[in-house]
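This document opens with one chain alone, in structure tokens, the form predicted on its own.
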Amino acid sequence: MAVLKEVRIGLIGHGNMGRHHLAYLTKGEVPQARITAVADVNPQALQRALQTNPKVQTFEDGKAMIHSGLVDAVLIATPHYFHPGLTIEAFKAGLHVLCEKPVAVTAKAAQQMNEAHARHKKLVFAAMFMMRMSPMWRKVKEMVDGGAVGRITRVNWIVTDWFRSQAYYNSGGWRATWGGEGGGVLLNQCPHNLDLLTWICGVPNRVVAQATLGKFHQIEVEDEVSALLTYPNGATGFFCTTTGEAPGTNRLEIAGDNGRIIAGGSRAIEWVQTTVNTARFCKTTRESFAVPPTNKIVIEPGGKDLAHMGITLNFVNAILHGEKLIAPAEEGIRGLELGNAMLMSGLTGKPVSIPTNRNAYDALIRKLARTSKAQKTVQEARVDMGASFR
């Protein structure tokens, strides 16, 4: 593989997120990266791209752009179903891949992407988990990894500040449908939260969930989910999310033998540290109503949140300089599978173990997609791997 002095990036999908990516790349905010091509099935989207950057080459077919010789890497910002096919095609063409979240609709498809990357290990494969750039979440992970709470005993995340109006769901025929999107709040809004949850606290091995379809909106898919989690070490968890609540809450609470961390709605982190290990205190104290002494510390992490641009910068630096990836796309399967497990449990009314039966979940989503009002739209779009409905 030739040594690159800059990375020529091709954007596939010029919708909501695609426009954002094109803007900062056009402004030169990512050194040693140059946006050279944009692909989208919608001619109007391509015209908008040219208004932002008249120098880009446009394609109505994502595959044609991949094989054009104009790009060294692709940034995939299409609807979810097209991420795996485009990623695997790019690997075959020798291109590096930065994929928007979620990496796929099902863990089975994500597994196929990971297997394809394993056959092209020299190529960089990253996911757009931009919340990993947040100074707050990076600090929380550092604290947990460093033993700030000791052995984790409980994890609760109430993240109900993802409010969306009916107008939002009406903005695209593919949106909030089994055939067009493959899921609702778990697959569209919460991939970031599920990624952070598994990144910081690990992956649970059992899920029991309640998922409500179209509770607050006229949509096919889930817009409210509550899930009980069980971890391999015996820790328990609770995850609650919806797009129908306002003003909503964003509160992650991680409890362990050495205290508790609370983070979420603001940049400040609350750390209540026990001066004595809780498990040890429980077994050794002779007082019936005693509790371990604590110290409360408020931490305000400094630094700028570089968000999407920061992930792209890290991706480019990984290609050119071997920098360690902040969000390796292989890790995208973890949060995705947790979301799959929540939805499968909610739809079937049964507990689901992790790793899941990936074939069974894939079959379930395919069955739902066959009855989806977006079925025709997606089938037509599959003809063009560069399709974008954002």
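From 1 onward, residues are counted along the sequence shown. Worth saying up front: this structure is predicted, and the values here are computed from it rather than measured.
Below: the form predicted together with a small molecule, not depicted.
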| query | finding |
| --- | --- |
| Partner contact for His96 in the predicted bound form: the small molecule, 4.5 angstroms, heavy atom | no |
| Contact of Phe82 with the small molecule in the predicted bound form (heavy atom, 4.5 Å) | yes |
| Thr58 within 4.5 Å of the small molecule in the predicted bound form, heavy atoms | no |
| Heavy atom of Ala77 within 4.5 Å of the small molecule in the predicted bound form | yes |
| Interface residue in the predicted bound form among Ile219, Ala116, Met130, Ile319, criterion: non-hydrogen atom within 4.5 angstroms of the small molecule | Met130 |
| Options 96-104, 142-150, 209-217, 253-261; stretch whose heavy atom lies within 4.5 Å of the small molecule in the predicted bound form | 96-104 |
